[in-house]
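The chain below stands alone and is given in structure tokens; this is the form predicted alone.
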């Protein structure tokens, strides 16, 4: 494979608890993911609240630096990019965040959100060319420029605001869009529209998508591959068809069993796994000055797992290849081959 456009290799991120507390919270531990240069892909990152999805997205966007491992753009670590390369990275890797209202300045019309990035990244364009580019971007996401421009954010619906943020990303001719829960703040009737817009953009413009979600149904509909995260760690990764239809890791099985089905005879909660959800569990910690998370000494899912073994409480299982195109971190498959960071990264885009 040629040098990836964007990749995370064993990326980790910890956060301090305070001046007098030496322990640090582990938000992401040893995550690997690849976005190829020459093949647009759609990768979903799924899990409950508190599983580390958004932190991993911020690492990929360069908003946060990793405290372990690396995040690279065309082979160079983000923190070491020269000014010109960083400018290109900022243009080619765009974000669509969860709450579109927080992105807008309420004192400016929505035009400001669109004109500023165009002027910054395309200063050579004349005023009428910038206007034309903005109008084409709005039309690409199903908005009418004459009904959108000139308005304040509060005068638009949540779905319109979110589509403006997708249009803003498109204006810069990106190679990758990182969409962090892009439909969780809009009405159900608009979710399909926004997801179809993202899917169409991927197909027609050859843009890769990193889709952050807690909803496995939309992850299945939109993505090619999926990373399932729990307590900051990737517990299952691979082809979305395999992972959703025949999950291997007990946590992924829990998530899939939680998907509502149109079956009046199926009792609510049937087949669920007892225990405390990820977001309510005390996050794993690491001592100040050390590189190895305390969580590495045990499986974070052990207290909720129906298949827990004594070994699970002594050592965290590595990612092993359970099938062609899929891996899971579970001792139920201890005879399977342990995968390297490079092999795990390959599974994230279907390249293995």
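This one's a predicted model, so the numbers in the text were calculated from it and none came from an experiment. Positions refer to the first chain, counted from 1.
The form predicted in complex with a small molecule exists for this protein as well; it is not shown, and the discussion that follows is about that form.
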Is it the case in the model of the complex that 15, 55 and 181 each bring at least one heavy atom within 4.5 Å of the small molecule? yes
Using heavy atoms and a 4.5 Å limit, would one call residue 49 a contact residue for the small molecule in the model of the complex? yes
Residue-level question: is residue 27 within 4.5 Å of the small molecule in the model of the complex, judged on heavy atoms? yes
Choose one stretch from 66 to 74, 322 to 330, 303 to 311, 41 to 49: the one whose residues place a heavy atom within 4.5 angstroms of the small molecule in the model of the complex. 41 to 49
